[in-house]
Every structure is written in structure tokens, then in C-alpha cells.
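Given as C-alpha cells, the chain that follows is alone and in the form predicted alone.
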């Protein structure tokens, strides 16, 4: 039977099948640890349904001591939807779906030390991501998540009403730096190619989660360029304020990684931030990303 330890955030009751699996809430707003589940074993339908329900309720799931192969990591991701390929981040040569985030003295962090939701430069941003720790420095390198449903709910009714009709323009802006060292002609050609593939999508500032129905503040400092139909100074002032909200500790959950720890998060109602406090030591993570739908 599934067991839910009731502390912190709560899970709704649901008839589901699993073998000795515990869902232990870790944070007041979001985050839970899954215990008693070995991802090297075949995950059955009851377990996958229980995990999906837990993800919707807790937004971030943590699995410890999971010494899985890359094939098993990929297979686990595919249980929850179509797996995508990131257009800018390096991947395993034999497995393009597996992002490799390998940061060290010779490869500093590009942009993950900034609050963001993954890949909102896409028309259909990801549903979620599954990140596995492969190598970790002795201290540092934590990841934090923020609950953007809670952040929206913390605003005044008047501000929530004002935001609900707005739209924001998104862009792959941090990845533009990857082309900076190219010859001018090649740089312009490459940028034009990616701009055609990923034309600036416009997403609602307040979205509705497609499963839970929760309202979500859906802007982020990494990829949101501007509020549509606002003057630049108006847009910047509003976004600068909204970008402060995930920094509020009451909305956050923080994970200290160990080798073979896995985090699976719902990208739609959360933002995350990977602390870059370990440089120049090495931190290596592998990530699978699951396709989502157009935000509404």
C-alpha cells in the first residue's frame, strides 16, 4: 500500500496501488521525498499513477540513492510523456534526450543560477524535468524551487486582477551568448536559424495549470523579455517586481544533493535556481525533459 506521511503540505486521498512506497512531504509549500521505490526495477501502472498524483500535489519529488543507468533514466521520463531534446545545452553523444550539465573551472555556469522555469522560449514549454546528480562537490550546489501558485496568491486581489489579463513575450536570451564568439556572418546566420525555430512566444502572465486548475504566475527572469502592449519602462518596472517573488523563502523548497539523488519537478507551477557556490569545483547533472502543452 502507498503510505503518505502527513506533515507540511497535504496530499488528497486517492485509490492507487504501489508497493511499500512512502510520500514524505519535506517543505511547507512544496517538495516531498519518495521512499521505498527502486527505479532500477520496473515501475508498474499503479506506481506511475501514484507518482503523477504526488507530483501534482507536491510539485517537486525527490528520490535518494537511485543508481540507475541513462537508459533507465530515459525510460522513467517516458512514462510521463514525450521526451524532448534541448536545442542549446550539450547532451550525451549517444542519447540526445539526455542533457549534460557539467560545470567546473573550465566550464562555468551559464545561466542556471537565476530563477527560471525551463524553456519558456518554446510555444509549448516543458511539463517537467527529471534531474539526476552524477557528481557533487563536498559542499554547495543546492537547488531551490519556488511555488509560483503561492507567490501569486500572496499578492493583493487588485494586483492579481491586474495581472490576469496580461501577456508576456519570452525569448531564448541567455543562450544567445553561445554564439558570441562566432564570426559575424556565421553568428547572424545561426541566430536567424534559431529565431525562426523559436519565434518569441507570447504566454499569459497568469496561467491555469492544465491538471490541477491552479492559477500560476508564469513569468521568469531568465526567459521573459517584456509585457506585451506596455511601454518599456512600465514593463520593466512590473517585471522587476514580479522577479522578486520567487526569492521569498516562504515560497521555497531547498534540496541538498548527493550522488544518485533524483529530483522530478512540475515545471508549470514552479521556478528553480541552482546555487553557483561551488565554483571552481565540479558539479555534474543529467536531465530528461518532458514535453508540455501551450500555456493557457
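Numbering follows the first chain given and starts at 1. Being a predicted model, the structure only gives us computed values, none of them experimental.
One more form of this protein should be noted, the form predicted together with N-oxalylglycine (OGA), which is absent from this view; the next part is about it.
is_contact(residue 251, N-oxalylglycine (OGA)) in the predicted bound form, heavy atom dist at most 4.5 Å: No, residue 251 stays farther than 4.5 Å from N-oxalylglycine (OGA) in the predicted bound form.
4.5 Å heavy atom contact, residue 257 to N-oxalylglycine (OGA) in the predicted bound form: Looking in the predicted bound form, residue contacts with N-oxalylglycine (OGA) include residue 257, since a heavy atom lies within 4.5 Å.
Contact label in the predicted bound form: residue 116 to N-oxalylglycine (OGA), heavy atom within 4.5 Å: Residue 116: contacts N-oxalylglycine (OGA) in the predicted bound form.
N-oxalylglycine (OGA) contact at residue 274 in the predicted bound form, heavy atom, 4.5 Å: Yes, residue 274 is a contact residue.
Options 35-43, 234-242, 63-71, 265-273; stretch whose heavy atom lies within 4.5 Å of N-oxalylglycine (OGA) in the predicted bound form: Single hit among the candidates: 265-273.
Residue among 207, 112, 84, 149 with a heavy atom within 4.5 Å of N-oxalylglycine (OGA) in the predicted bound form: Residue within 4.5 Å of the partner: 112.
Proximity to N-oxalylglycine (OGA) in the predicted bound form, single hit among 226, 127, 95, 101 (heavy atom within 4.5 Å): Among 226, 127, 95, 101, a heavy atom within 4.5 Å of N-oxalylglycine (OGA) in the predicted bound form occurs only for 101.
Members of 122-147 lying within 4.5 angstroms of N-oxalylglycine (OGA), judged by heavy atom, in the predicted bound form: 131, 143 sit within 4.5 Å of the partner.
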